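Take a look at this one chain, the form predicted on its own, written out in structure tokens.
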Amino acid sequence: MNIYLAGPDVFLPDALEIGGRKAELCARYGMTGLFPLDNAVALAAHDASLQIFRGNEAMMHEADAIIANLTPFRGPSADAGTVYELGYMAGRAKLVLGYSNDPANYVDRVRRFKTITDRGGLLFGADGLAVEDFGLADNLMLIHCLELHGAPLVTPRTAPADLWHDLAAFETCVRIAAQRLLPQAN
């Protein structure tokens, strides 16, 4: 069984190392981890971004499931590319799993970046736009996508010291994938 390993991990300085660690964890459970950086792309090529997209899409076609790192990236919410990949896989009726190493709910994370005011029971940011407040860890579309097409978002009780290198929540997702996809794991 192939698992597509989505997330902003590809932007880490040690991305290949973290991808390798994730692939090793998948292998321990009898599955193959497909990390986006496994695709060889010449970044100087005029169509490098399209090559990356096509390579990642090909990996998703090969995959039986996705494990998405939804730890907030450059803001209060998950990485946009990872969110696309999660939706793409759900749309293809694949098993979708996700984790976040930040256990805070969405509103609390928005507060880290913006002032929020309460106007008659509705929350608004300083930009005048409403802030989604359902007590969820991220946007309702992400959370319910996981619940309905895989398993609830996996989060630790408290944030690990290193949000980007702690793989405990990821390993929980790998265990869930093995239980759902491998007959001998049941």
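Numbering starts at 1 and follows the sequence shown. What you are looking at is a predicted structure, and each value in this text was computed from that prediction instead of being measured.
The same protein also exists as the form predicted in complex with another copy of the chain; that form is not shown, yet it is the one meant from here on.
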Can you tell me if Pro160 lies within 4.5 angstroms of another copy of the chain in the predicted complex, counting non-hydrogen atoms only? no
With a 4.5 Å heavy atom cut-off, would you call Glu132 a contact of another copy of the chain in the predicted complex? yes
Although the partner isn't part of this model, could you tell me whether Asn39 comes within 4.5 Å of another copy of the chain in the predicted complex, counting any heavy atom of the residue? no
Is it the case that Gly87, even though its partner is missing from this view, gets within 4.5 Å of another copy of the chain in the predicted complex, heavy atoms only? yes
So another copy of the chain isn't shown here. In the predicted complex, which residue out of Cys145, Ala63, Val154, Met31 has a non-hydrogen atom within 4.5 Å of it? Cys145
Considering only 59 to 87, what residues come within 4.5 Å of another copy of the chain in the predicted complex, judged by heavy atoms? Met60, Phe73, Arg74, Gly75, Pro76, Ser77, Asp79, Ala80, Gly81, Val83, Tyr84, Glu85, Leu86, Gly87
